[in-house]
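Okay, here we've got a single chain as structure tokens, the form predicted on its own, with questions on binding and movement later.
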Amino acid sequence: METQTSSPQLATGRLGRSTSRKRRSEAIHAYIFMSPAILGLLLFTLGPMAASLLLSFTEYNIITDPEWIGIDNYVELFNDRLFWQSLRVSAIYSIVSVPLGLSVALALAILLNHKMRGMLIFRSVYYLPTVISGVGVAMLWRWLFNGDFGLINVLLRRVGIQGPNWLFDANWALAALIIASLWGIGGTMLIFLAGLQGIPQELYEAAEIDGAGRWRQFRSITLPMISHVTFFNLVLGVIGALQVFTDAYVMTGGGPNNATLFLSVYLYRHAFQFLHFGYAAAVAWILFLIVLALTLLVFKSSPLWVYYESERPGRNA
């Protein structure tokens, strides 16, 4: 009887040890496959972030060793008129360009959501500018906004309007960059298009039976059903707008008269023109905190306006 009793216990113990070894082996393999991403995060993201945080409390010009000065960089930063100018420029650009980009991208997505011959070609054409970006695009827009022979002013003159000298006029330079930002809305448009195609067609059919017009359907069906997509695009748009650099640096260099001095351009000037790396690190951390605060604010507000199908009453019943 004792032998019969111990035999199942022995088998259970062996099975448990085998399962434990299997789980340990799977865990080891998982960590091996994860190690490149983890090392990349530590070496190229968290490591440089920690180093920049330390540098922000020092005076460092890359030639001499860093000298610890405490919070002097931050005190000087908040007393610098150009810092507040750059903050103002970045804020105006974000407040205008993000809603404008979302609106135009949504309008394009609605137009491209119709089923008709050749629609795939139109979708590719509108998305293509997103792939073609960087300095080349900035130079193209610089030519388009040229006050003498730029295509935009040539077209305006055709209709009897004398266009401004866009990039050299402090009143119009920021507006020109906001217009140029519409070049990269292809990715946002594509995400909106995916959201639109996920809306059940039955909802529109039921709304038509109830007598709802197109505008009513858009407000009561389309916008709520793609609110989670709008939320995603809004977060990415805010983060991207606050970090814009290439267009401003190539097209205007922060001018004229600091009218397009974005925070990122202000940071670049102090780091690579004036070699004030400690001060530039302080600017970078202020920018990081601003982006973090706005992102958290958008997340905090999401329960008030973002609708998820899985949260519908009775959905999980």
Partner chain sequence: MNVDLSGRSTSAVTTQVGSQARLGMRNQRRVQTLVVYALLAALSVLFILPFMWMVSTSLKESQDVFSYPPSFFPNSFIWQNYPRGWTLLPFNTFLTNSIIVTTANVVGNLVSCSLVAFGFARLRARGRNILFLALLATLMIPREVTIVPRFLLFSQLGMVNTLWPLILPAWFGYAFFIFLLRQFFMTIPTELDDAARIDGASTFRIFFEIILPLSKPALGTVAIFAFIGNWSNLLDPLIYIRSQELYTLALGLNLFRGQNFTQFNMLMAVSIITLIPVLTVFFLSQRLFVQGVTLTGMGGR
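Just so it is clear, the model here is predicted, and its values are computed rather than measured. Residue numbers count along the first chain shown, from 1.
Form predicted together with its partner chain: not shown, discussed below.
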*Wondering, does residue 69 line up within 4.5 Å of its partner chain in the model of the complex on heavy atoms?*
no
*Contact label in the model of the complex: residue 113 to its partner chain, heavy atom within 4.5 Å*: yes
*Please run the contact check for residue 164 against its partner chain in the model of the complex: heavy atoms, 4.5 angstroms, yes or no?*
no
*asked:* Is residue 302 part of the interface with its partner chain in the model of the complex - any heavy atom within 4.5 Å?
replied: no
*Segment that reaches its partner chain in the model of the complex - one of 80 to 88, 171 to 179, 212 to 220, 94 to 102, heavy atoms within 4.5 Å*: 212 to 220
_Can you list, in sequence order, the residues from 32 to 53 that come within 4.5 Å of its partner chain in the model of the complex, counting heavy atoms only?_
32, 33, 34, 36, 37, 38, 39, 40, 41, 43, 44, 45, 48, 49, 51, 52
